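Next come structure tokens for two forms of one protein chain, structure 1 first, structure 2 second.
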Structure 1
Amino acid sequence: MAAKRIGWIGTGVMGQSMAARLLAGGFDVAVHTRTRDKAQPLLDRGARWLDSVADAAGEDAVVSMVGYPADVEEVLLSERGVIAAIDDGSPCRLIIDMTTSTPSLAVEIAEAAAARGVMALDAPVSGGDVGARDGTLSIMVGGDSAALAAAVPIFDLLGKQALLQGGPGAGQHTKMVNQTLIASAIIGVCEGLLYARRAGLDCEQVLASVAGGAAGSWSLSNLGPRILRGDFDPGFFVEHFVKDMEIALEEARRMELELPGLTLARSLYGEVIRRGGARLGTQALYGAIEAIASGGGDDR
């Protein structure tokens, strides 16, 4: 039986747009978030309000899209969380955590959910604010195929693809690969543009020469122009990216892997935060690299 009533937890930049797509797609959405005001645009479009996360256990499926692993734990695993509120009479059959969080927490959630006879998926996304709005996210799924099958009507509204990457935690691991790729790519974009400026080149013309070839990347085509016009507004917040990189580095340590590029990126973003850029977009790395490159940054 397909889930019709969705309990949605978390209405940040991403969650807001994603829940709106489910509403527009005909789902009956009930929403909870820490600050009720932030849910108002969804309530205005017909969403119901849930007084607590535990109340989400009364819906057919629950989707969480919150900030940090600690939030995921609180919302899904704690005594006051969704899973603890599920009993034999609860309609909830499926829990989907779409937050970028740790693979080990995803395993814990899957086990706790299974103990109550409920399916669970970790399903972090890439595609940013634009992908969330347009329903073109790439959804990286960990769990089993039965759970994915149950989630397909939801994922169809949110993403251009939802690929099963393995058992619980595999979606989160895949997202860590994604973030590891992005971390070094952005360093290259910032250093390349900085070099171009210092060499006195016309940066737009340089992009025209290099963006379509072997140096091309999403980061260059999308963040490059923003950097050039001095637009450091968030598509994706620095503080969230730092969280992701820390999860990836911690997982790498657990696998006894040292990743020098990711380590460098984490360190450089530390400089962005020291410069007050936690709530800027990830392209704000440019300013930190410029400061460091010119000897004005930390003493690394």
Structure 2
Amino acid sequence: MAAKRIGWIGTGVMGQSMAARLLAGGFDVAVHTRTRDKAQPLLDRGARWLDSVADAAGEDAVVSMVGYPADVEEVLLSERGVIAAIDDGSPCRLIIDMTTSTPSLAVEIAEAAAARGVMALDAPVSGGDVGARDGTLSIMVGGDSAALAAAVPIFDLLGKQALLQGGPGAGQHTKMVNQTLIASAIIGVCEGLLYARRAGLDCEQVLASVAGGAAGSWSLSNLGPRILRGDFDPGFFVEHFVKDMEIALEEARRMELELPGLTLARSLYGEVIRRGGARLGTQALYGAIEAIASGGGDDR
């Protein structure tokens, strides 16, 4: 199956750049989002507008990149969603959900799609706004090899790699591993830079030294400079990261697994939200850690 017409649902921080890459790569992209104004940059570049998510069933493939599992369920599984609109005359033969969602929902989507003769993949991503813009995302795929083969032309424009992790839901489980790793790493970045400031060091010089050693990480290299600039704009929203951590913790409880580091990170990000930072980037954790370390003060 060679999908040429893509129905894209969701044009947030990540979705906007990802859909733009498909447009630039020669795909015929039709978009839908709750607020049409948010899709205007894509429409200006030649995307078509879909009046409803159900209209996406008229495209060769559908990609969803929305916020929460409830949003995924609404756009793909509801009575007014994509899968319900697919019939024998529909061209859609592939559904790719790139939202970070629950493994069980991914299985449900795959089963509902299969009942309509449609392939489905859960394909959450990592790489943030920079990766979405540059097409360097890491794509974690759950589904089967035939569906992945059909999605390769799409994934090639969006990411540096798309690896099949197993059947439906395996992509989401892998993303939970990713988020668990990141959660503790960001705590270390914030605490390390706070220490450097308190010690009176040149923080940019420190960052140049440690990023090239064993402490180096994506979070340090990409979020560290933003923290030093006081740039807490979202590459990935705090509220969405909290959603991901809660999914991971729930899956861990189901597997009778205790994850103390992730539990701590979730608690600290709760403080970010309490301080009004739900729509800031994940690097906003720095402010909460700084306040805790300073007894509520701010030394910047």
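Sequence positions of structure 1, starting at 1, serve as the residue numbers. This is a predicted model, so every value here is computed, not measured. We call the rigid core whatever largest set of C-alpha positions still superposes within 1.5 Å between the two forms.
- It is structure 1 that shows the chain in the form predicted together with a further copy of the same chain.
- With a cut-off of 2 Å and the rigid core superposed, residue 196 has a Cα displacement that reaches or exceeds the cut-off between structures 1 and 2.
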